[in-house]
Structure formats: structure tokens, C-alpha cells
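Here we start with a single chain on its own, the form predicted alone, put down as C-alpha cells.
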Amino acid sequence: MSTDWAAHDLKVQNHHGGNLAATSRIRHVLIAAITAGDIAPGARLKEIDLGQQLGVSRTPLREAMSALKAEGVLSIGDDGGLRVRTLDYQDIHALYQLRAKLESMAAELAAAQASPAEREFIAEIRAKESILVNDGINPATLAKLNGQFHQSIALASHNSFLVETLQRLSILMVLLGPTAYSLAERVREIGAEHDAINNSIQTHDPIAAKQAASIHLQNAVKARLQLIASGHKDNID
């Protein structure tokens, strides 16, 4: 099945606006295609073919691919070509292990240091998420809101280095494929876990917030590793 590059490009424009520099736009389009599963892990990215499919010139395409290589999304294969990085069982476990530490730290700091306005914003995102889940909104919209929830907590930590590290780590999460919100049973679990994190932040309880965030990520990696071990390809986080 061919990749609908126009659809990915439109999605990028809707999310990031239409004034992105060419290199940045191409990078986001490639990320969107990888996230959607249109470009599978291990797939070879051929510069000439991509340039023709995307209708872009070689220079910005090469710069976008170089950026993704530097971010760890692409890697050099045995044949010397650039491929979408493949994460094995241990890679995924290590990725979630690091994310759990960072997200727990962010929640702990947010509970202790967030301003009233930041706490209110976090609560509003969680409330909106709950409403959209009950309305049966599409997984992509929920995933976007999920990103806002975690990002708002990171920003409320008031630690710029932590925010930067989490942003870099989030790029690698695209290698895991489609969002967990595509699985109904995981959606409700995520909601309950988000409630625990939010409630701890609202009540200024750093210890509870740290624990809630840790449990959230532990549940996510457990579900994913179980699916991998059983041979399923469904994505759960």
C-alpha cells in the first residue's frame, strides 16, 4: 500500500502551521509517516524515491534525514543506507525505564512547584481528555491531548533541562508506532492513571505524584512487552 504523503503533509500543517521551513516540514512529515506505521521499522529510506514522492528538492530532504539520524530515529544499515531504527525488546524496556524516571521527576517537581495557573491548566487538559474519551473521539486526537498533558506537567516542573530531555526522548517514541488510544481497554486505564497524577499535583503531593507517574509508565511498558512477547504487533502507549 502506498503512503499518502499529502495526508501526512496536511496533518503537519494543521498541527504546526503552514510556515515551516522546508527541512522542518519534511522532518515532521517523515515522523508522521513513521508514527502511522506507513514506514515500518527497518525500512530503507531512499533519497531519490522520497524526493519524487514528496515533491521536494534534495537539499532539504537530506537535511531532514540527517536530523532524524542525529535524533536516533534513523540509523545506518548494514548496506550503508539510512533505515528507520528498529527497537528490540531490550531497547523498548530501556526506553520506558528512562521515560519513567524522567516523567516521575517531572510530576514530583510539578506537584511541588507548579503555579496555580499551571495546576489549573493541567486539570483542564485532563477534564477535556475524559470528556473526549466518553464521546468516543478518534485515537489521534486523544494522543495529541495526551502529549499536551505530559508536556504541561514537564513545563510545570520549572526545570528546562528536564523539559529538553523529555522532548528529545519523545522523538524516539515515534518508533513504537500508533498510539495506545487505539486499544479501548488501555484508554480507560490511561485515564485512571492520569487522574492519579493530576490529583496528586492539584493537592501539592510530590511523593504521590512521583509514584502515580511511575505506575503509569510501569503499566505502559508491561502491556507493551507482554504484547511483544506474545507475537502481537498492536501498540499500547
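From 1 onward, residues are counted along the sequence shown. If you're wondering where the values come from, they're calculated on a predicted model, not measured in any experiment.
Although it is not shown, the form predicted in complex with a further copy of the same chain is what the next lines describe.
Enquirer: Could you tell me which one of Leu95, Ala143, Leu155, Leu132 places a heavy atom within 4.5 Å of a further copy of the same chain in the model of the complex?
Expert: Only one option qualifies, and that one is Leu95.
Enquirer: Work out which of Ala40, Ala70, Ile207, Ile48 lies within 4.5 Å of a further copy of the same chain in the model of the complex, going by heavy atoms.
Expert: Of the listed residues, the single hit is Ala70.
Enquirer: So in the model of the complex, does any heavy atom of Arg62 sit within 4.5 Å of a further copy of the same chain?
Expert: Within the cut-off, so yes.
Enquirer: With heavy atoms only and a cut-off of 4.5 Å, decide whether Ala114 touches a further copy of the same chain in the model of the complex.
Expert: Heavy-atom contact with a further copy of the same chain at 4.5 Å: absent for Ala114.
Enquirer: Flag Arg168 as yes or no: does it have a non-hydrogen atom within 4.5 angstroms of any non-hydrogen atom of a further copy of the same chain in the model of the complex?
Expert: The answer is yes: Arg168 has a heavy atom within 4.5 Å of a further copy of the same chain.
Enquirer: Is Gln151 one of the residues lying within 4.5 Å of a further copy of the same chain in the model of the complex, judged by heavy atom distances?
Expert: The answer is no: Gln151 has no heavy atom within 4.5 Å of a further copy of the same chain.
Enquirer: Could you tell me which of 29-37, 62-70, 194-202, 49-57 sits within 4.5 Å of a further copy of the same chain in the model of the complex, going by non-hydrogen atoms?
Expert: Of the stretches listed, the one contacting the partner is 62-70.
Enquirer: Using the arrangement in the model of the complex, list in sequence order the residues of 80-107 with any heavy atom within 4.5 angstroms of a further copy of the same chain.
Expert: Going through 80-107 in order - heavy atoms within 4.5 Å of a further copy of the same chain in the model of the complex - the hits are Arg85, Leu87, Asp91, Ala94, Leu95, Gln97, Leu98, Lys101, Leu102, Met105.
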